[in-house]
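Before any questions on binding or motion, here is one chain by itself as structure tokens, the form predicted alone.
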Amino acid sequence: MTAPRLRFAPSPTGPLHLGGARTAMYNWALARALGGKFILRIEDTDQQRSTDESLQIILEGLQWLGIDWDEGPAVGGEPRGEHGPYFQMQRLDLYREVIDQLVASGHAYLCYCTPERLAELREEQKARKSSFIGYDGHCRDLTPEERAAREAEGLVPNIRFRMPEDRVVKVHDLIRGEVEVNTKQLDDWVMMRPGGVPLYNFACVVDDIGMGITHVVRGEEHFLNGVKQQLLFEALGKEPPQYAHIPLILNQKGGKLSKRDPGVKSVLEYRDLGYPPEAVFNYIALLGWGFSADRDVFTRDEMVDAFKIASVGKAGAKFDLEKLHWMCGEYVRQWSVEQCVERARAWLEPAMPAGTMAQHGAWLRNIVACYQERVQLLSEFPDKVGWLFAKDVRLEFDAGAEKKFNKHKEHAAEWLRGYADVLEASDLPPSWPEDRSAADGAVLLPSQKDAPATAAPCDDPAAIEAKTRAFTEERGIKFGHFVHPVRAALTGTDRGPGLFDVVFLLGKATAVARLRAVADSVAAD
């Protein structure tokens, strides 16, 4: 039995989007599940739109998702595989040979119809509301003399496939099952334009034969192309691959998903926005296929072990941005703090003073640990931790902080000044940007549940809490009321880590300065 061989064949005319990524993923997963090979082939016959930049973006997108190929274009080395070239524009001589064979056997013919005639034909068919819109076979049975006369006029022919007339073609689809299509629905389609550049349906079949493709998984919009291709395989005396046409990805309104729909990005845009690649892979896999009834989060290896093409649904799957973001959060929470710091480096480093990651690693781990449960995208970190690096001691309040602060504004100045005195007398660690490494290495915030805290050479969050609660009890202040104006003064927001983690991370001088600055501004109102 022939080892399974599957392929993904993108056109390098733009970035890799969700639909293309899912097609690649399902072919890859089925190839791996069947113990076969996954081939990457580049359909670059649209020379006006194909670019090397788009090709590199597609290759990067596949690599980012963890989709590797056994044969295809090189990435930092020589092309892999013995069935190349893997670019269609490098295979033109092969296409020409097959065209000559089909014309000689009568399965293809030369068509001299001009674009003007074809446009007029289409308009005439529409005007009389014909049930068939397509080529009328005008050049199907030209005599040698008629062909010579057209060539004498300078007309250069297209090559068309001669469709069998009024024949029922039975197609077995691995997802749809048995489907019958009458060839009366299909016209004699163009296989090759003047100049020797092939069109999709023709080149696709020639390449699938040459590369030994056994299974083709692609979007349902290609179903009728599959009928055409099956007949071409027959004309060439070859067995067609097994086809599986997967359903569309839909938007929330049930229409075909478009790049204009909310949250729809290209694969590398998701990368640049801080989406974990495992989460994007995981989510795309679920757009038409289910891993299990009670579990949505799984690894690539688990997908390969479970993947069956017959398990792909027939109905379209709706793209749900909220679920994608939820899944991203699930993956972020699986990482260790060290892994999360490294993953978030590209976003954190530009948002912090130079040298922070190298010189204050333990302090940074504490910051990330505080927010690891609170982010879904890695790109959220800079906005979340911005309050730590603010140079102004009087921070602007966001809407939530403003609302909660105003509820207790009449007492705020007194509370903030008193609490500033408590912190100034404490053994808090020094404030940023002083070297805090000694304190940081000894204290692990409660957020870092997987690591035990050691004895601290300074007040840790637990000690800060004890002093804070003693202060509120002595003053008769309800702790739940006290927290809001203090958090607003220190962070400018009403969300984030626990108050005592906030105080510890800011350090003595910064925390005291912010509390007093807000107290002074309230008193001055």
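Note that residue numbering follows the sequence shown and begins at 1. Here the structure is a predicted model, which means the values were calculated and not measured.
The form predicted in complex with the RNA exists for this protein as well; it is not shown, and the discussion that follows is about that form.
Requested in this report: Verify the flagged residues 49, 199 and 323 against the RNA in the predicted bound form: is each one within 4.5 Å by a non-hydrogen atom?
Outcome: Every listed residue reaches the RNA in the predicted bound form, so yes.
Requested in this report: Report the stretch among 416-424, 269-277, 155-163, 140-148 that approaches the RNA in the predicted bound form to within 4.5 Å, counting heavy atoms only.
Outcome: Looking at the partner contacts, the answer comes out as 155-163.
Query - Contact residue in the predicted bound form, from 332, 369, 287, 412 (heavy atom within 4.5 Å of the RNA) - result: Here the answer is residue option 287.
Report task. Using a 4.5 Å heavy atom cut-off, state whether residue 45 contacts the RNA in the predicted bound form. Result -> Output for residue 45 is yes: heavy atoms within 4.5 Å of the RNA.
Query raised in the report: Within a 4.5 Å heavy atom cut-off, is residue 82 in contact with the RNA in the predicted bound form?
Result: Answer no; every heavy atom of residue 82 is more than 4.5 Å from the RNA in the predicted bound form.
Query raised in the report: residue 57: heavy atom within 4.5 Å of the RNA in the predicted bound form?
Result: Contact with the RNA, no.
Query raised in the report: So in the predicted bound form, does residue 391 come within 4.5 Å of the RNA, heavy atom to heavy atom?
Result: No.
Query raised in the report: Are there residues in 80-116 with a heavy atom within 4.5 Å of the RNA in the predicted bound form, and which are they, in order?
Result: Contacting residues: 113, 114, 115.
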